[in-house]
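Quick heads-up: it's one chain on its own, the form predicted on its own, in structure tokens.
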């Protein structure tokens, strides 16, 4: 079958990747026949993190236990063991990616280069006590006085590209401030916050001990030998619902309670304190998607005007990065994520970008350093669009929206 041949070919493409897990559990690349959102939700509901969505199948990375749970649902599946190759920190070919110390060094450098518009802030600490750092970019000294846009990277440890894009956005804004009138206008009239690495413990663990570990969660020690809570299932809206797991061994373990993790509690408290925030973007990888609420239910947002804003902004941004724009639950239902909470509690127009590549077969979580610049470039205009429209997101409903891809 064609989809099985693609699966086998993908494993050869992934031969440069490495894996390790607690208890040395073997990991497999698994493809499951599923062609509806309802089937995808059913699979996700047993506690696997769906990484690839195709017209007739889904893929995930899982253990024998994960595979058995899906098999018991009656779905046809194929699995292939992932190969192993040792590396040192990031592989030498991937040394353009930033680890925790390097990320903080970039933030410090931006402050030193332009202290009049950049300041560094600790928004909280991780489970293991690392500072969760962010920077504020604005020429205004009055905090929380201007329309605010927030950009967050690395909820999930293995999604290293989700650190690079917001980090490069910060670098771009600072570098362009003195010479680019458009950027200067944004920085003078907006408050822009960038938190590039929300999950520093997980990100460091994923590249520690000489191997990529395919690690997703934070580093909370659960009962027994299990570690980690899925931070993007730990937010308050829909907590514990479909598409999250109560099993600490699961990649989508939601934790013991909403905001139980210091990382998500830090986001909650930080965003609540930014009273002028109107837009928020959470970067993830991969699949090339622009997503908006709801994720925890198949229902549409009940406020028709707000729904139109999400759809208009989402489709407009997709016209630039050429991603697929859609409501999150159109993929599958997943509960307790950032954007559902931000919109539900604070009425922030919150989006998720699933960055490049489009699939695991194109590099997945580890697409190589060559993916960094083009991924940033394709997402620059969408991020600037969010900043510009932070003053009045509802204004997009009256804007002259071009549609180069014919998707509106």
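Just so it is clear, the model here is predicted, and its values are computed rather than measured. Numbering follows the first chain given and starts at 1.
The same protein also exists as the form predicted in complex with a small molecule; that form is not shown, yet it is the one meant from here on.
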Original post:
Which of 97-105, 278-286, 183-191, 122-130 has heavy atoms within 4.5 Å of the small molecule in the predicted complex?
Top reply: 278-286
Original post:
the small molecule isn't shown here, but in the predicted complex which of 228, 295, 200, 166 has a heavy atom within 4.5 Å of it?
Top reply: 295
Original post:
Of 310, 253, 239, 332, which residue is found within 4.5 angstroms of the small molecule in the predicted complex when only non-hydrogen atoms are counted?
Top reply: 332
**OP:** Using the partner position in the predicted complex, report whether residue 261 sits within 4.5 Å of the small molecule, counting heavy atoms only.
**Re:** no
Subject >> 4.5 Å heavy atom contact, residue 216 to the small molecule in the predicted complex >> reply: yes
Original post:
With the partner left out of view, is residue 354 within 4.5 angstroms of the small molecule in the predicted complex by any non-hydrogen atom?
Top reply: yes
Subject >> Partner proximity in the predicted complex: residue 117 to the small molecule, non-hydrogen atom cutoff 4.5 Å >> reply: no
